[in-house]
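Just one chain follows, in the form predicted on its own, and it is written as structure tokens.
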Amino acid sequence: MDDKPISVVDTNVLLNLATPVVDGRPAAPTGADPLKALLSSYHVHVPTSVIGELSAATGSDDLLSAAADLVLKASHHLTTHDVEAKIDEPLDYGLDQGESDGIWLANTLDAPLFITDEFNSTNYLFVSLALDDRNTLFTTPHVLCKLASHEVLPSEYVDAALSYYVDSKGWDEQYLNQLRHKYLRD
């Protein structure tokens, strides 16, 4: 067994990593595959509810559906866990099923990383409360910057991807600029 760290991810993270790959518009960054970079750098674990959420996102003629199709095609690289029967009580923090299952899985696996993209909402605070103290909470842009700092992804690609997310997702530009400063420009 290799020494890749375990990461538990939320559905939105997988979709956000796949979106630039399937987006053919000129604004989309090119030259790398952030989903493939995550899957090759970490043992990625997900609750089965994530696969259900991905399947539910397919079937349309839009970027979300195309991203979900790409993730499902790569799902053989994901380790899935049926956690619903094992959870005594669901979290009562207003989080969706996938987030709640992912937090339970991260705590159970003693995963060093739990990656979610709830950072533009108060859910991020609730996720951080629900995780055990040994888990580190990451976001998609944070993971992309870490992958660039480890030379898994080109820094130029990650820089372009962060701008893409600001424009396409409305993610907090100040947060992304702090990540750029910390990981891409120092």
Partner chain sequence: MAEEKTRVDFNAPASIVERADNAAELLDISRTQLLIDALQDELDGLADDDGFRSRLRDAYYDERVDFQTVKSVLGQEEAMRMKLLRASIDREPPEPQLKAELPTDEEFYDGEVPVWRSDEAGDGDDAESTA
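Positions refer to the first chain, counted from 1. These numbers come from a predicted model, not from an experiment.
The discussion below concerns the form predicted together with its partner chain, not included here.
Triplet 12, 57 and 81 all within 4.5 Å of its partner chain in the model of the complex via a heavy atom: Spot residues vs its partner chain: no contact at all.
Is residue 167 part of the interface with its partner chain in the model of the complex - any heavy atom within 4.5 Å? Judged by the heavy-atom cut-off of 4.5 Å, residue 167 is well away from its partner chain in the model of the complex.
May I ask you to state whether residue 185 is within 4.5 Å of its partner chain in the model of the complex, using heavy atom distances? Flag for residue 185 set to no.
Determine whether any heavy atom of residue 53 comes within 4.5 Å of a heavy atom of its partner chain in the model of the complex, and answer yes or no. Looking in the model of the complex, residue contacts with its partner chain do not include residue 53, since no heavy atom lies within 4.5 Å.
Check whether residue 159 has any heavy atom within 4.5 Å of a heavy atom of its partner chain in the model of the complex, and answer yes or no. No.
Enumerate the residues of 158-174 that have a non-hydrogen atom within 4.5 Å of its partner chain in the model of the complex, in sequence order, or give none. Counting only heavy atoms within 4.5 Å of its partner chain in the model of the complex, the contacting residues of 158-174 are 172, 174.
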